[in-house]
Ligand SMILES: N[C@@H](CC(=O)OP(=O)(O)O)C(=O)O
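Single chain ahead, by itself, as structure tokens, in the form predicted on its own.
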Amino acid sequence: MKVAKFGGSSVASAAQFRKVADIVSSDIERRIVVVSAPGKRYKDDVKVTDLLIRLAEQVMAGEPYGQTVEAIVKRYADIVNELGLEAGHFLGELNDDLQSKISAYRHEPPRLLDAMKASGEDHNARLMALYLQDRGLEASYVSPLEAGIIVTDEPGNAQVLPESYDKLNQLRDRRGVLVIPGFFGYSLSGHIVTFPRGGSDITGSIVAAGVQADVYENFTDVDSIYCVNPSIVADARKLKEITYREMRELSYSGFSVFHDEALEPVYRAGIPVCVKNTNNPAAPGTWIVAKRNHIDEPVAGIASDTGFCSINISKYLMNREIGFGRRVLQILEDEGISYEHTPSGIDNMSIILRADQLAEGKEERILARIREELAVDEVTVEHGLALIMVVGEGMEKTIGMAAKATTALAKANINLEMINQGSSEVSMMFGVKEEVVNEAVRALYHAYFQELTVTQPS
């Protein structure tokens, strides 16, 4: 059994619907299909999910929203008409459902936003099931509630509950192709609750783990995962395979293929993932697996992200002061701030975090508290930082990996603001100024993927 998830670009139009139907009908093992909401059809198009968010915002602001409803219905109507489907009832039900949800949650903004966002996937799954039936397949729509996707009641941040997996396993006994909407589940109290960013990937992973699929296929708009962002490095190398741990590290650090939470269910279930291209399904894609051969390629990929800052603290004999780090982090916790890395020395400590968390006076309050409560010698904030992660499970047993990076950056005349390596040695983090991050990524790519592999220890 295969679970196949199709992203927004894969279901954005009637032409894409036909490609999905061809893919599903070409392999009888593709028994469960998970779909996103229609994405962009062209560069300046608007995703259906963005239209639905706009609709929710207009309702919450008390603004007219009729035109937005019409735009949403038209997106589906275009697909219906171009496919030649007799589905007038579907479009009527779509309009009625939107109006019903608006009436039900008008005065509960978080619930309204979740209900609106989820409807994009929900109606697209219904439409996909109708089209597969029209193509002669035995297919049926299965709602997340019917499937058994039960989640925590945190609007916009759903987490699947363990009892979901037993219920999902019963889907194995259903006949035909089952089409399930991604992105949301139901709380125990019966509310629609959406997953975080990349939520349809999370649904696909949960369903694959629940039905104990042999393979989880994730269809997108690229032939494979690249070892670096191809918009930064032209002709970037395609990956044949990558491990779960490597993919998670890269996703967390800026890779857009997967949300970093999406792999957790299939990772724990030991189900291999194959990332494939809806527009070129014959391409082998990239396999995400538990283990791979690291001998020839110790580095799996390079990811980068911007928008970071560093709180830099100095105090003589800091290392002798018991509880110093805990008290610093307590100040951040009091302000509701999470951090990414904490590189430190005997007399200094840096805390790397997302800069947007320091808005609304938080930066001033944090610095004042650190000065007053910890009696530090100096505390400053450095803005405009970018983080680059070099990821690979083979780095631990390969000599000279850090030296290779620092040498490459030095040759490119790029100043390193910081460097940090986790104890697992799966990744190395480099901090540089945002204005040179792409140049730094290209230098590291050249060092790790275009030069000869460094000598292995005997």
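One rule holds for the numbers: they count along the sequence shown, beginning at 1. Everything quoted here is computed from the prediction, not taken from an experiment.
Only in words, not in the display: the form predicted together with the named molecule, which the text now covers.
The site is open: after superposition of the local C-alphas, no atom of the named molecule, taken in the model of the complex, comes within 2.4 Å of this form's backbone or C-beta atoms.
The single contact residue among Gly198, Pro298, Gly148, Gly210, judged by any heavy atom lying within 4.5 Å of the named molecule in the model of the complex, is Gly198. For the options Lys433, Arg30, Arg54, Lys47, the one in contact with the named molecule in the model of the complex, meaning a heavy atom within 4.5 Å, is Lys47. Among heavy atoms of Phe183, some come within 4.5 Å of the named molecule in the model of the complex. Among residues of the shown chain, Ala37 is one whose heavy atoms approach the named molecule to within 4.5 Å in the model of the complex. Using a 4.5 Å cutoff between non-hydrogen atoms, Glu121 counts as a contact of the named molecule in the model of the complex. Here the chain stands alone, but in the model of the complex its contact with the named molecule, taken as any heavy atom within 4.5 Å, falls in 190 to 198 among 125 to 133, 170 to 178, 377 to 385, 190 to 198.
For the partner-free chain shown, Lys5, Gly7, Gly8, Ser36 of 1 to 36 come within 4.5 angstroms of the named molecule in the model of the complex, judged by any non-hydrogen atom.
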